[in-house]
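Listed next as structure tokens is one chain, alone, in the form predicted alone.
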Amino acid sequence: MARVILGVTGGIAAYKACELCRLLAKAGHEVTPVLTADAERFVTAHTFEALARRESPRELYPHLLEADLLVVAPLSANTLAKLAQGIADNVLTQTALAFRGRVLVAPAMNVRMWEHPATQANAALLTERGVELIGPEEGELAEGETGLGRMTEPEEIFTRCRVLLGDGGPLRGRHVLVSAGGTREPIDAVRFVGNRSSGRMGVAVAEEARRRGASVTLLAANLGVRVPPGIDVVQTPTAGDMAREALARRNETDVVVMTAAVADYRPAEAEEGKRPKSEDDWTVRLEPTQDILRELGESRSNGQILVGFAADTGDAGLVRARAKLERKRADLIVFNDIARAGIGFDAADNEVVLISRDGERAVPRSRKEAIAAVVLDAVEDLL
């Protein structure tokens, strides 16, 4: 089986890491616990050694441990900052800095610490470097407050570990098609009609599907974020490009998740060169683009799952999203209110409502990676 380094940092959630250690060891993995001094204020290293049936490293160079996966749960705000900045002042941070394999971290801290711009910047930096964050979750915190900051439950972290270690995944053998980004419809050789979508939400869905064992194709429209390895990327800069590539793949796909902000209109006539600036008014006539989601809904095969996103504003937008479910013949519509500050377009967080024929579920503000996991949980239920 695999070799796993389990890092544990200070915080009341350290006791939950005991269950994660037990689950990993029960699955047959070789678990090496590495605790910070603050972690041992809550749970002793001996407890983890007993659960892992393996002692913490005591050799001269513990940071050179070889393993298939490094998991840090809980990850405190302090250690998160150290990992982001490359500070190696204890055995765990030294191990993380020297480690060359997959890294999964489960942040746990007070909601105000999590929401601080410094913490958000550190989390974003780790994500950009390929570190996977799971959580934090919404709920009651140790100080009696409520908000984002709870460590993800050990069972869910263990499930992620299994996928990262190649133990399989709930979407193994499935082909998932995801669209991401914002299309740009040319007005002339320089200018275009577009939107502010970075593609972060779609990339998070694609990566989550890949983690769950799926074969993933990403239709990328002018992305502003990096695509992790292991995903087949097809460039689709315009609505026409995306329609062509999506419809060409509809019969070979088990799940379609259309997160991209596809332009509803495009210039009826795009000039070949650049239109020079003048004192005259410039009128551009727009025409509707192809309705990709509706065409996919009308022509999909039996058993195929179709998910659409609805970026709209306020209660009226939610009403339109509900109607979209039936009109597009989709299985699930994910509504997000783009009028809300700090979520939606080009933001790290989102807050959505999942709309299906079985009802609705509001998902509170979370990182888009966490939203992606919720969406794919719903997809798995539909499958």
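Only a predicted model underlies this, so the values are computations on that prediction, with no experimental measurement involved. Sequential numbering from 1, following the sequence displayed.
In what follows, reference is made to the form predicted in complex with cytidine-5'-triphosphate (CTP), a form of this protein that is not presented.
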Segment assignment from 207-215, 119-127, 307-315, 170-178: heavy atom within 4.5 Å of cytidine-5'-triphosphate (CTP) in the model of the complex: 307-315
Gln290: heavy atom within 4.5 Å of cytidine-5'-triphosphate (CTP) in the model of the complex? yes
May I ask you to check whether Arg329 falls inside a 4.5 Å heavy atom distance of cytidine-5'-triphosphate (CTP) in the model of the complex? no
Residue contact check: Ala263 to cytidine-5'-triphosphate (CTP) in the model of the complex, 4.5 Å heavy atom: yes
When the contact criterion is heavy atoms within 4.5 Å, does Lys324 count as touching cytidine-5'-triphosphate (CTP) in the model of the complex? yes
Residue (of Ala221, Val105, Met151, Met258) lying close to cytidine-5'-triphosphate (CTP) in the model of the complex, criterion heavy atoms within 4.5 Å: Met258
